[in-house]
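The chain below stands alone and is given in structure tokens; this is the form predicted alone.
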Amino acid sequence: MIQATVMGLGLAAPGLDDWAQALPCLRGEQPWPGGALSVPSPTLLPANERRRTTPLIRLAMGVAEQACAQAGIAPAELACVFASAEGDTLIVERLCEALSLPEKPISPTQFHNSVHNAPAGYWAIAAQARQPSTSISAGPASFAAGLLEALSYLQAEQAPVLLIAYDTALPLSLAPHGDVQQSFGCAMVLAPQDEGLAQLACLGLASGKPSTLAQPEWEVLRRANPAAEALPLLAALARGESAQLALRYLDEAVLQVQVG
């Protein structure tokens, strides 16, 4: 069993700009408003760098900034795990379109934004972060895989870690070939100390079905984005309840997580 303390949280979802807006919806006090995602504008990036970013990069950085601010921990002090199932599909679409033209006019900026760890690179520049960073993809299991990676680092190093999970909706040309229909991102700062927002324990892998949500609209979102597989955990944290959850992992397995 790996134990951690949740120190800070960030969230961006359609109709919800941050964790504070999401709290009454996750508690069931208000319905999820839905609508379009308002992509965060990272404040840590200089303007020149910010202009080169994509919606996916801004989403990842925006929720990461939220979590660090709530935790009261300087971003430069945190190791990071970036978890995305599909990566930057908008850039993939643009590159494919460019390659289909006779002159193949690929933009250097688009090319370097296409790599899976581009958000981690921009974050390192913005936060002046020199701690270890991992970028991970595990398809529909990307959130659970990212959480397991973050907890493993915390257990090994006894140092705080920032987990960021994010995916943007696939462009129309790629939509039939992937699993992301809605944009969603979340982040959490996990630390080994005892005091924080909540206690979290990883109980290991098991066979079974993933936890679902009572609110139908949240359940639709959970199924529409691999990063939104975090929603049962986020809802338990929002309610301040003890819960034992099963988060979707690879094949027929689930990652068992206890919130206290």
Partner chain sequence: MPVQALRLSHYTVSNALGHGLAASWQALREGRSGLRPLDYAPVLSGRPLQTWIGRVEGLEAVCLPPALADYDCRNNRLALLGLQQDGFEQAVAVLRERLGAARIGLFLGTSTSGIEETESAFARRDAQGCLPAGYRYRQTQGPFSLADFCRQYLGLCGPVQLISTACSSSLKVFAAAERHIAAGLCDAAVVGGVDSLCQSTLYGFNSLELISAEPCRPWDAQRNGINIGEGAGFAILQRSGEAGQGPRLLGYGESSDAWHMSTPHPEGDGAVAAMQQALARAGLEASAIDYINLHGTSTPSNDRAEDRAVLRVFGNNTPCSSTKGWTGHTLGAAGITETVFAALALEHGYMPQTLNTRSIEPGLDAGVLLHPREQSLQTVMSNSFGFGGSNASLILGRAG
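Treat the numbers as computed from the prediction; the structure is a model and nothing was measured. Numbering follows the first chain given and starts at 1.
What follows is about the form predicted together with the partner chain, which we do not show.
TODO: May I ask you to state whether Pro132 is within 4.5 Å of the partner chain in the predicted bound form, using heavy atom distances?
DONE: Pro132: contacts the partner chain in the predicted bound form.
Open item on the list: Is Ala118 part of the interface with the partner chain in the predicted bound form - any heavy atom within 4.5 Å?
Closed with: Ala118: yes, in contact with the partner chain in the predicted bound form.
- [ ] Mark Pro160 yes when one of its heavy atoms lies within 4.5 Å of a heavy atom of the partner chain in the predicted bound form, and no otherwise.
- [x] Result no; Pro160 lies far from the partner chain in the predicted bound form.
Task: Distance check, Glu149 to the partner chain in the predicted bound form, heavy atom within 4.5 Å - done: Contact check for Glu149: yes, within 4.5 Å of the partner chain in the predicted bound form.
Open item on the list: Counting only non-hydrogen atoms and a 4.5 Å threshold, tell me whether Asp17, Trp32 and Thr54 all contact the partner chain in the predicted bound form.
Closed with: Verified in the predicted bound form; spot residues all out of contact, no.
Task: Residues of 133 to 155 having any heavy atom within 4.5 Å of the partner chain in the predicted bound form, listed in sequence order - done: Those in contact are Ser133, Thr134, Ser135, Ile136, Ser137, Ala138, Gly139, Ala145, Leu148, Glu149, Ser152, Tyr153, Gln155.
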